[in-house]
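Both blocks below hold the same protein chain, though in two forms, and each is given as structure tokens: structure 1 and structure 2.
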Structure 1
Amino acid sequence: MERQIRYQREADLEWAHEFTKHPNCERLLSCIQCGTCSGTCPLSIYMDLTPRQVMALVREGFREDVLRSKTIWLCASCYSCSVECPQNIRITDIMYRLKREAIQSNLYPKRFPVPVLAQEFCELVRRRGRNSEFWVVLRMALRSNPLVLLNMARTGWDLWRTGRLSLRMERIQRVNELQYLPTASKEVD
């Protein structure tokens, strides 16, 4: 069984301190644990840690607990927590930072479809400059759980018959301009 207790000595306060120096994360320490973020989050009932708990754990430096959680991947970036937070903490941006760190540290849930979708999406955009809805979803499904394609068939058909499903791979003309994206080579996979 997974251990439930965390000890202070296991916390990485240095990490928490560094964390608050990044863009949009500066106000993390002013969290008053009021729970407004969890209350306003439309997805908190599906999360293993609520947004309020995430804020508390980041602040106390429990790095792995946060980075391994599914919560950061369930955040739909709707920004309601950020808008409602009485302390003006940019919670959505903190979630983004945690997602990036979870991928970089290889602590993300591997077959969980959200990070897989993110990787496929970025790969496509980096190479062609545009996203192609159909191909991104197809590749995400094949890499995470091909069975979901069965459930998607109905939606696919509805989109097809209404002329809303494009199979074209979009590509911009001056795709070479994207080679100067700074982290393009290392950010995917």
Structure 2
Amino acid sequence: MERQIRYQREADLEWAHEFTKHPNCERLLSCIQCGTCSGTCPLSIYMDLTPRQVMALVREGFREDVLRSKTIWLCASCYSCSVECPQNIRITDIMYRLKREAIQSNLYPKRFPVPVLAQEFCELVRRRGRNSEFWVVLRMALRSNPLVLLNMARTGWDLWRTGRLSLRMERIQRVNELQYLPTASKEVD
């Protein structure tokens, strides 16, 4: 049986304070825990923590609990939580920041494909300047759950046979001249 109680001494209050220094995360401490964000989120029924709980855990410094949750990865970036928030907290931007920190700290849920997809997408774009859908999905599946390829094989075959799936690895010319990519991908790496 897993312990559900968290004690304040386990929290990292310094992290919570530092977190509010990131752009668009400054108003986090003004959260009044009204739950409007959870009520407006169309995906909250699928999340392990509601957006309100995520805001509370970040404020209290429970870093690992937040970064290991699936909630930050299920956020669809629809911004309904941010639009409805009575305190004008940019909750979606906070979710983006949490995703970046989870990848940097390697604390995302194990065998959960979304963080792996983000890493593989950024790596492919950084190296080749373009995303090749087949290769991104293949690399993500091999790193997260190779057995899923068996379920996808029939659909992949049908898409390739009808010309809707290219196996070609695309690349732009003069990829080395792209200056912004290393800076942008470091945020996700």
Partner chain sequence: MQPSAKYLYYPGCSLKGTGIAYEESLLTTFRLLEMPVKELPDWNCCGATTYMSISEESATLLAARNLALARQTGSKDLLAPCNACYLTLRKSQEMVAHYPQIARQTEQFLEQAGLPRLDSVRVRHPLEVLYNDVGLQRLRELTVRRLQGVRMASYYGCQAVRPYGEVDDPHDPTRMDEILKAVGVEVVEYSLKTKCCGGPLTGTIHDAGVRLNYILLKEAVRRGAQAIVTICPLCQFNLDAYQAEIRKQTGEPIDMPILYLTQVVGWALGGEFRELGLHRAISGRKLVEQWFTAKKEAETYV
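Each form is matched to the other, and the largest set of C-alpha atoms that superpose within 1.5 Å is called the rigid core. Numbering for residues begins at 1 and runs along the sequence of structure 1. Remember, predicted model here, so these are calculated numbers, not experimental data.
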Only one of structures 1 and 2 is the form predicted alone; identify it.
2
Taking the rigid core as the superposition reference, indicate whether the CA of E170 shifts 2 angstroms or more between the two structures.
yes
Is it true that R130 shifts between the two structures by 2 Å or more at the Cα, once the core is aligned?
yes
Once the two forms are overlaid on the core, the CA atom of R154 shifts between the two structures, in angstrom, by 7.5
